[in-house]
Structures are given as C-alpha cells and as structure tokens.
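Single chain ahead, by itself, as structure tokens, in the form predicted on its own.
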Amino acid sequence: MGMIGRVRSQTADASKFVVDWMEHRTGIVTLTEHFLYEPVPKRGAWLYTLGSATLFLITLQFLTGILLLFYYVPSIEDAWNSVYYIQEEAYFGALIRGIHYWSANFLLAVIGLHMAQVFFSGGYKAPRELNWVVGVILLLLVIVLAFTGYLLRWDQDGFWASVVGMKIGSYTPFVGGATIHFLLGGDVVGPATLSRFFALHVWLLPAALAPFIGIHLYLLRRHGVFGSEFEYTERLAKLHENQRLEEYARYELDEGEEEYEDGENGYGDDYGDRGDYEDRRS
C-alpha cells in the first residue's frame, strides 16, 4: 500500500506540474473553464443544455463523416457498393454509419428544440440579436448538409428524395432555376450531381459551418445566456434601486415644498405683527 500511495502521490504531483506549466504558458485551464461553465437558472436548467447537445451532435457528424470517407467512393458505379461494404464488411462500419445517420436525425430535432427554447426565453433580444442571426445561418447550413448527404447513398430512396427536393427548390423566385441547374450539373440527376453534392457535403459546407460555430460560441460567451437567474436578479436589483432613488427624490421634493410653504406663512405672520405694532405705536 505504501508503494501504491507513493505512485499515486507522484502521479498527482506530475499531473499538477504539467497543468500548472500549461496554464502559466497558455492560460488553457482558465480558457477551458470560461468556455465550459455558464450560469443557468435552477428551474428548467436542462433546457439550457440543448445548445451543448447540438454542438456534441455536430462534432459526432464531423468525426464519423471523416471515418466514412476512408471507404466511400463518390461515383455512380461504386457509391452504393462502398456504402454496402461499410455496412457489411468494414470493421465497426455499421456502428459508425449508424451513429452518423442517427446523430444527423437527432441533430435536426435538437436544433429545433434549441431554437424554441431561445425564442421563448427571449434570447434573441438585444444585445443577442446577432447571435440569433448566426444561429439561423447555422440551421440553414445543417439543413443543406442533411439534404446533400441524402443523395450520397445513391439508392432509390436518396435518389428520388433529391429529385423531389430540387424540383421544389427550382420554384424559388429569381435564383431557384439557376441554383438547381448548377447543383444538378446538367438537366437531370447524374454523375455530376453526385460529385457536386459530395464536394458540398464533405468540403464546402463543413468549412462554412466551423467558423459560424466559433462566432456563435464567442457571442454566447460575450453576452451570456439570456434568462439566467443571475441576470434577472441583477435587473431586479437595479429596478429596486431606481425605484428607491425616485421615491427618495420625490420625498425630498415634497419636504422642500412644505418647508417653503411654512416659510411663506411664517413671514406673513411676522409682517402682520410688525404692522399691528406700528399701528399701535402711531
């Protein structure tokens, strides 16, 4: 037991030395604490974890998508076969593809709940309106990511769902026709469509998503979570202080008016008394 105790003590000391060294050089511990911890109200606290759940699911999408890229082939001849190989032959392929598929479905649902929570708590109001706009952009990017990923399986379900989706998008005023023609790479869904959807899903959209996530988190940490009990407490304290000052100012004003009226009445009485005295004297 003595040897085990010494090993534990030495390990703890070494870990503390490394953490202190990193904190002194980079401030990583302080930054991590500031990034991870955010005060939330006691009632309904779990609702404020929806943003973290969204970030976790997006991270899962990135990681599992990278693993799937090792086997996926973006061509109409081999796309479905590569997906079949991942599902049936590759080590942990079915697990990784299942996580990628179901986390994508849960991601859309959690984003919807997160936006509802922000809306009903008033988190879109000043000074957080810019963060709300960034969140809407993130929602649109995630929807396009889900849509482009659906075709990559190159099965009947993904093919016809993409055809219907692009047909609906072609009715968008002004830009719909040109945008859909660009995405198709021609007049019908074909090899060019699969290549373009692959490029969008794997490269362009994730590259656009990452900086917006960073901006979203930065604005969140800058302005905090709206609706927290700390913010309400601070606002109520300021409101009570302003009310107290207004009542005190009104009280002083009333006291000043009463003293002024008393002074006028007293001066008139003295003046009347002096007048009587002069009359009697004369």
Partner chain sequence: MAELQKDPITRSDFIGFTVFGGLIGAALTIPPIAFLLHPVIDVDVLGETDVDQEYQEVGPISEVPADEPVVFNVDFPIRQIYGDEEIQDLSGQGEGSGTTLTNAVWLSWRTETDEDGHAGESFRPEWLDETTEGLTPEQISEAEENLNILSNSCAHLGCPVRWVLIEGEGEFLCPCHGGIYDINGGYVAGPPPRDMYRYVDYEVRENGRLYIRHEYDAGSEYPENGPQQPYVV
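Numbering follows the first chain given and starts at 1. From a predicted model like this one, the values you see are computed outputs, not experimental measurements.
Below, we refer to the form predicted together with the partner chain, which is not included among the displayed structures.
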Review point. Which of L113, I180, L141, V73 has a heavy atom within 4.5 Å of the partner chain in the predicted bound form?
Key: I180
Practice item. Considering only heavy atoms, tell me if D187 and the partner chain come within 4.5 Å of each other in the predicted bound form. Key: yes
Review point. According to a 4.5 angstroms non-hydrogen atom cut-off, is W203 in contact with the partner chain in the predicted bound form?
Key: no
Point to revise | the partner chain contact at V164 in the predicted bound form, heavy atom, 4.5 Å | key: yes
Check your understanding: Contact between I168 and the partner chain in the predicted bound form at 4.5 Å, heavy atoms?
Key -> yes
